[in-house]
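First, one chain by itself in structure tokens, the form predicted on its own.
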């Protein structure tokens, strides 16, 4: 039975550890660079293609205790609040795809995964920053910043958008700054006027900007994300940091959305703190694997957030990779090539779809906006089943049943 080294203790890495444990592997180690594992104070959407994996890993009861359940998706005009289009979620989505659509606080999801990993005897080491990899005495060796190392039969880089494993395998990438800056914040629901935030995930579409909000943590918190096209400002200020942890001046986001619907200002003003980060775009990687080392999630297919599928793709990766390891245990290098052959077309499609979605959200030309709104509105009002079918390839995807 192989020894598995997982670099990165985020959502993808912990899901992979659990999936490998369920597949029968016992010698599983997760190496996390932070001194203690914690989730970010941000929201996350998990559509049925991801929730089916977590439920297959036995996490349904734990997720039920911390999740919120959106009842619909609403697309609204940025200033008037006009409902451009809507799509049902809730029971409708669960009936269609067989699994729920979750809204979660990232910290809640992270804790669920961490608790399950520890309960399943996964070894987790913190304070372990990966610098490089090499092969030593027939093993894949991870070299850490503290001078230590660890050798395993296989190594998977789940170390995110700035992956050291990817850099070791294929060299440093050159991402493109999109010119988009994203803001995020979290507000206690009881601090907001009653009825201000509906049970739907709501996206407000405006010229060169959009704003999204939804409930997390059993409806106790409201998560929001606002994206602004600010290339000139970011370049002028020499600010283009690709980090979710950078605190921003709340006065900036208030100004960015000053002329938008009043409910957005109310939500922003109720936040104690806001964070901002620069959004970078990357083309799909040609290769994910080299020998007995491969990549997972943002390390190999980082995505813009406009389809809310970044974590979902990592969760799908984790299940598929665990089964490839199981089926190709005697020929791991071939199994890794099969894994990327199977996963790359789907993740590339989602990457490119996310890019296109962002462009549609930020249309400025009034005729293009009218055309978009008519198309979305007509479909949701008069051809709802056809409109829903357009997402079947995404939300109805089932990587648990097999790899046909």
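Residue numbers count along the first chain shown, from 1. Fair warning: this is a prediction, and the values are worked out from it, not measured in the lab.
Missing here is the form predicted together with a small molecule; even so, the following discussion is about that form.
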Contact at 53, 68 and 213 by the small molecule in the model of the complex, all three, heavy atom at most 4.5 Å
no
In the model of the complex, which of 43-51, 58-66, 338-346, 362-370 comes within 4.5 Å of the small molecule (heavy atoms)?
43-51
Does residue 253 reach the small molecule in the model of the complex, with heavy atoms at most 4.5 Å apart?
no
With the partner left out of view, is residue 11 within 4.5 angstroms of the small molecule in the model of the complex by any non-hydrogen atom?
yes
Considering only heavy atoms, tell me if residue 277 and the small molecule come within 4.5 Å of each other in the model of the complex.
yes
Contact label in the model of the complex: residue 354 to the small molecule, heavy atom within 4.5 Å:
no
Which of these residues, 285, 114, 122, 311, gets a heavy atom within 4.5 Å of the small molecule in the model of the complex?
311
Between the options 219, 81, 305, 291, which residue brings a heavy atom to within 4.5 Å of the small molecule in the model of the complex?
305
